[in-house]
Structure formats: C-alpha cells, structure tokens
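To begin, one chain is listed below as structure tokens, in the form predicted on its own.
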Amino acid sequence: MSTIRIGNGQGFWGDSVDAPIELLRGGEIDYIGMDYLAEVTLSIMMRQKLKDDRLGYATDFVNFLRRVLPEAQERNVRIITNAGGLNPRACREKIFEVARELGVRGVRVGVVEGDDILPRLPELIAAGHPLANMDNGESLAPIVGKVTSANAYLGAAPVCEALGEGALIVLAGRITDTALALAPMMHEFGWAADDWDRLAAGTIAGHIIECGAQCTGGNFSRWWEVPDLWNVGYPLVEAEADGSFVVTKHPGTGGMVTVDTVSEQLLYEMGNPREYITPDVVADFTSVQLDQVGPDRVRVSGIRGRENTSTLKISASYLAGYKASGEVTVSGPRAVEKAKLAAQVVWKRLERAGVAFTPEQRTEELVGQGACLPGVFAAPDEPPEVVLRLGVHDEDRLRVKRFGKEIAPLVTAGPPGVTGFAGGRPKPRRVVAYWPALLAREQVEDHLRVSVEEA
C-alpha cells in the first residue's frame, strides 16, 4: 500500500469498550491497535492466572472480537494488541472458541511470547544479571521471592513477523505501546530494522495515538474548546512509506485534531525529548514538524532517530506489604478544622490501641484544600465541605486491618458534620510495588517465540 490507515481503539484496560468498534465501522481503516497494559495490569493478570491457568489476559478483548470478528475478517482489518498479557496462548484459544461460536473459519491468530521472564529470574541473577533497580541501584536478588511479574518491553519486530505470516490478529504480552503502530508500517513498507529515521517516525506515530482520545481532544488543557467530547473520535494515522503521516479521526465524530492536541500528547510521559528510548530505536522528538493541513488533520514529518540500545527495559512488580484507605465528608462551618481534628482522633485512638503508624506509614489528605495539586491553586479558607482521606501502609496485615475499624466511629464519636461514610470498613489490600530494571537485549530476544495458527 502507498498509504495505510492505523487506528488505536484502547489506551488502557478500562478504556471505552465501544471505541474500537466505532473505529472499525466509522470509515476506512487497515489496522487497529489496542493497548491494554500498564505496569500494574500485569500484576493483576498474574493473580488471575495463579487462580486459574486459563486466565491472565485482557478478557475485554475477547468480548470485542465477539462483536466484530466476522466484519473484521471480511474487510481484512488487522488487529494488533498486547491483550495477551501473561497468557497469550490461552487468549488465542478463547478467540478460536468465539470463532467457532460465530461460524467464522480461517482466522489466523499470531502469538508473540518471550517477554515474561519471571520463571527465569533465578537463573538470570545467578548468571550475573543483577536487574538493578533503575531508581536506587539495588539488586533484585534479595526480594526475588516476592516478585509477582517481570516482563521485558518488546518492540515491533516479532509483531511484524506475525503479520508477515498472515495473522489477522496478533496477540502479545508486554510490547511497547508504540509497536502497535510501528509494526504495520514496517510490514507494509518493508522498512529495515536499522532504518532509524523511519523507525523513529513510526514510533512517534504510535506515541501520538497510544492513549486513544488524548490526541483528539480527551484530557486537553483547553477542554472548553473541544466539540462533542461525549462522542470523541479515536485517532487514526495515515502513514506513508517515507515516514511522514497525518493524524486524524473519522468524520462525524466529536473531539478535534489540532497542532495543540497533538503537541500535548507528544509531551505525555516525556523525559529527555532527544532520547525517547524504545526497543526499536531512539527517537528525537525535537525533530518533529507539525502542520495543520486541514480540519482535524495534522501532518507530522521531519523525524530523526538513531540506533537502538543494547539493553531492554524490564518492568517487574513485587509484594510490599498491605495498605488500606478510607474517607469521610466533613461539612458545615469550620469544615477544615473539624477534618483535621477527625484525623488526629483516628491516629491517637490507634496509638492508644498499640497500633501507632509513623508519618511515613500514613497519609492524610483534605480533598478540597489542594490535596491533588498542593500549593498550585489557592484553596478557600472556609469551604462548605471537605473530604478527609486517610490511609496506612504496613507489612503487618493485622495492623492495617485495625486501622480500618477507626473510620466509621467518627460519625458519632468525632466532630459534628461527619458524613459520607459508605462501603464498609476499609480492608487491607496487598501493595504491589514497581521495580524497573535493564537487561541485555540478547537475554530476551534469544528467547522470543512467534507462532501463527488458524481457527
């Protein structure tokens, strides 16, 4: 193809279930990317898989295919996703089951495996790979027994391989968000693995659309200018072989595509703009040229890139104790003073019960008094109400459970005006902490597996 149209229908697991359907049916499209994974999502999937080895993937994706599979096959709209999570093979079997239910034959589904390195952690550490925390330099070895998930960020190459084998649907685990758009470009245009400028262009295209409607008016700073946000159109890129592309959306949808909306998404999760590092390439965001070339059409060009790194990023999670939080609304005159007193009451009653928490183990927020953006905006001295939110974190589950018993008594044994307590006592929940690390590229890529099977 001289031009391909790639859309993104999911920015995270929990995004609009109708968005990818509207992308498919709203106009011409060749590829739909669907991004379900965040760092914590893989931990959730691991818990599911431990309970049932047939789970561990994004079930919403299967529900989506149940609604559109015959149409996607008929129109040859190819779908790329990381919905496979920790169990892409099980996800594929579920898709084949749906295909049989719908009477659809000949659906080719590719699976990319090898990002999950959790079973390999002991051997990797023993072989001299410390998987040091990128924030503090500590080795993973002392807590390896607490690790619940460990996944390498894969790039576009294995997805491109699956497309080359004729897959209509490609299921992967922890591939980068940007690979969902880059892989179709590499496949269709035949870009080489060291064509750094074009790979950077495809990477930036993927970055712009990876969060769904964030580049078409969602989460936009000048939100009052966005028309029909209720009907916001999810993004498309019209990509060309030279690496340039146009960001747009289907006609008749709400939202807008402007230089400003695209620029804000470019800045999303941005570190050093000259070094946006992915498994495929290091992209230079300062080289990006944006031009408004029509209503809801922004052309992106001039992108430069350079050689990829010798390491891949590892996203691991581990168990780090327990937490609980609860909140009440405090209303009426002197609401802020009463809320502060209510917090003191809780902490002192816990101390009396022998369950004191240090300042580092507890949180205390007054929502309505600048808790979300402290010091940024002036808070009213006398708001009519505030929400008092208290939380604790401890390695001991029973201590956290005891905290949960001190919120409700504020209603009758605290200052006046306490209300809004609902949902029962706060219960201890496992804390899943994040561990970022680097690993030599060959330690991951030598274990990659791509398979394509037909329903």
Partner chain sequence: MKPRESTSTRRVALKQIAHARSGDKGNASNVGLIANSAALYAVIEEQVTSDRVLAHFRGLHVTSVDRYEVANLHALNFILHDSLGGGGTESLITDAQGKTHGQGLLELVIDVPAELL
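Residue numbers count along the first chain shown, from 1. A quick note: this is a predicted structure, and the numbers were derived from the prediction, not measured.
One more form of this protein exists, namely the form predicted in complex with its partner chain; it is left out here, but the text below deals with it.
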*Verify the flagged residues L55, V111 and V247 against its partner chain in the predicted bound form: is each one within 4.5 Å by a non-hydrogen atom?*
no
Assert contact_stretch over 213-221, 149-157, 169-177, 229-237 against its partner chain in the predicted bound form, heavy atom within 4.5 Å, equals 213-221
Original post:
Would W191 sit within 4.5 Å of its partner chain in the predicted bound form, counting heavy atoms only?
Top reply: no
A433, heavy atom within 4.5 angstroms of its partner chain in the predicted bound form = yes
Is it the case that A353, even though its partner is missing from this view, gets within 4.5 Å of its partner chain in the predicted bound form, heavy atoms only?
no
Within a 4.5 Å heavy atom cut-off, is V62 in contact with its partner chain in the predicted bound form? no
From G391, G417, G27, P428: within 4.5 Å of its partner chain in the predicted bound form by heavy atoms is G391
Contact with its partner chain in the predicted bound form, heavy atom within 4.5 Å, among Q292, S139, S263, S310 goes to S263
Restricting to 264-303, the residues within 4.5 Å of its partner chain in the predicted bound form through any heavy atom are E264, Q265, L266, L267, Y268, E269, M270, G271, N272, P273, F285, T286, S287, V288, Q289, L290
